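Only one chain is included here, represented as structure tokens and corresponding to the form predicted on its own.
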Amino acid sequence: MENQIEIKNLSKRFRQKRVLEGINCIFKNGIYGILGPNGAGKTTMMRCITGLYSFQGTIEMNGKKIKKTPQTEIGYLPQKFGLFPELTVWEMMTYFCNLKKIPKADQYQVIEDALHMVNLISQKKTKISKLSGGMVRRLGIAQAFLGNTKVILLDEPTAGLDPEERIRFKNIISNMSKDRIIIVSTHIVEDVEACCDHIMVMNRGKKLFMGTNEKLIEYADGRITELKAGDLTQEDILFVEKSYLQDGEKTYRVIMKHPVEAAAKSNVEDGYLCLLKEH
């Protein structure tokens, strides 16, 4: 079944501050990455989709309007994920099953599958208070996938994960995306580039871009080059990305305002930075 979330003219205010402004987009089965700096509105949009926030505009999931009511058919990992420290991992997962109204007869198997998925089955009797920060994050990912949810929202899911756990996370969502909508909100470009089919770029509450990785890369095509320290005075430099030593001399990777002849190959991060700097 093809699932769909359609967002029409989504806006959100907190008192006098407008956090989201006129967002229109459609999500279908697959993995979407929402990129943007802190304060771009990514978390607010996710909370609107879950029904935790009231909002202006409309959000429809499979033709049904979402209102200010938490949606049991949506799996959600918030940026700040709280747990009960006195419970064991298994007890915590049982609690989430009850919140999602998963039948008791099915709970053992769905919990077992979820904990195996995030490599926490050996910790099922461990109290939450004894878990590392990375384990807590993995448990948060596991609870988001509980049940037959067709929409998964993950807000900064790799925060606190070590490199091995980040690879495991990317493999998990890649294997789970065939019949679901998975939306990953992050400011880490590498995570989006590695596992997302489509990217949405946000800044200051507005949608700047939505499309494939390849389309985002096109924003920087022909504009990436390397310069030495003495050349950084050029007026047509848009942004200095990073520096490194090359043949014993400090070299800078830069984004130019206009295409140049000796251009390097551009990537998703280049396209993303071009959008942010020009809007």
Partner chain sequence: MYVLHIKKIIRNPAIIIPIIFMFALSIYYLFFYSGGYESYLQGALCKLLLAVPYVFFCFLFISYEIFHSYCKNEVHESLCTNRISIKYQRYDFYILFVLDSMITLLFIAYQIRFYYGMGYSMKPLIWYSLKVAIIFWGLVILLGIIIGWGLSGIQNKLVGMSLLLAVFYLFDRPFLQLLMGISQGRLPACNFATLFCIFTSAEPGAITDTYYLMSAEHVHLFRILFWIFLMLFLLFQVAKNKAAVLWGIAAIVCLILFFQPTGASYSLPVINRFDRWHAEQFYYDNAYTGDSIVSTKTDMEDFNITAYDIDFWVDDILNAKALLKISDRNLDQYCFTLYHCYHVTNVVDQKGEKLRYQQKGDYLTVYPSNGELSEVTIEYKGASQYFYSTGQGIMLPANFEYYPIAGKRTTFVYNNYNTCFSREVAGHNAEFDVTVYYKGDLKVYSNLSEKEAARKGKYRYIRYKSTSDGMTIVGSPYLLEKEIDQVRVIYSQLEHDNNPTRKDNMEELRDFFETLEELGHPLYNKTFIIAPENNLQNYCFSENHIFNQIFGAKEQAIQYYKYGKLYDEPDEEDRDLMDQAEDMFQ
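Source: prediction; values computed, not measured. Numbering follows the first chain given and starts at 1.
The protein also exists as the form predicted in complex with its partner chain; that form is not presented, and the subsequent description refers to it.
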item: D106, E164, D179, E86 - the one with a heavy atom within 4.5 Å of its partner chain in the model of the complex; value: E86
item: Heavy atom within 4.5 Å of its partner chain in the model of the complex - the one residue of E190, D197, E91, E112 that qualifies; value: E91
item: Distance check, K100 to its partner chain in the model of the complex, heavy atom within 4.5 Å; value: yes
item: Distance check, G51 to its partner chain in the model of the complex, heavy atom within 4.5 Å; value: yes
item: Contact label in the model of the complex: K130 to its partner chain, heavy atom within 4.5 Å; value: no
item: Partner proximity in the model of the complex: F145 to its partner chain, non-hydrogen atom cutoff 4.5 Å; value: no
item: All of K206, F239 and H258 within 4.5 Å of its partner chain in the model of the complex, heavy atom check; value: no
item: Per-stretch contact check against its partner chain in the model of the complex, the hit in 182-190, 197-205, 164-172, 73-81 (non-hydrogen atom, 4.5 angstroms); value: 73-81
